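The chain below stands alone and is given as structure tokens, in the form predicted on its own.
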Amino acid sequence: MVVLLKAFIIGGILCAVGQLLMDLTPFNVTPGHILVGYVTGGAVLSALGLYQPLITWGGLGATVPLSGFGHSLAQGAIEGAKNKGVLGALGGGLEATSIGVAAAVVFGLVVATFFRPKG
């Protein structure tokens, strides 16, 4: 039960920060800006070694949001660079996230096959 609460807290904080950025900043911050910011922020925090403690404490609350995707990209690039050099850095992030991207495409196709949008 504590694990679920921690995941809810971390995930909720991440979502609340994104919503506050859209609502309270004087700039026209769109969901696309939040998406790019979270993926980039997750990658930067991962490269600095600051995202893993967040995952250790918050579990899926930190890995499921977009910042977790950025963390996966960064870790894949770091591992690829260690093993294969510069080319490994380019392909490592793609290799680390390929399962999640493929699953999103397949599930999107399945849902689009069975459901039609109203409009």
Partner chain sequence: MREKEEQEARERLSKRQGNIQPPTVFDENLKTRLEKEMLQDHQKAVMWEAEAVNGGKEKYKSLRQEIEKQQQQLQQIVINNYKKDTQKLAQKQTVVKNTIWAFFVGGLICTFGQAVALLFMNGGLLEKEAGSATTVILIFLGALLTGLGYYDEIGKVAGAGSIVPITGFANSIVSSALEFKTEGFIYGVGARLFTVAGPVIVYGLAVSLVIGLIYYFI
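Numbering follows the first chain given and starts at 1. Values in this document were obtained by computation on a predicted structure and should not be read as measured data.
If you look for the form predicted together with its partner chain, you will not find it shown, but the lines that follow are about it.
Trainee: Given that the partner is absent here, does P31 sit within 4.5 Å of its partner chain in the model of the complex, heavy atoms only?
Mentor: Because a heavy atom of P31 falls inside 4.5 Å of its partner chain in the model of the complex, the answer is yes.
Trainee: May I ask you to check whether L90 falls inside a 4.5 Å heavy atom distance of its partner chain in the model of the complex?
Mentor: Yes.
Trainee: With heavy atoms only and a cut-off of 4.5 Å, decide whether P53 touches its partner chain in the model of the complex.
Mentor: Heavy-atom contact with its partner chain at 4.5 Å: absent for P53.
Trainee: Can you tell me which residues in 89-103 come within 4.5 angstroms of its partner chain in the model of the complex, by heavy atoms?
Mentor: Those in contact are A89, L90, G93, L94, I99, G100, V101, A103.
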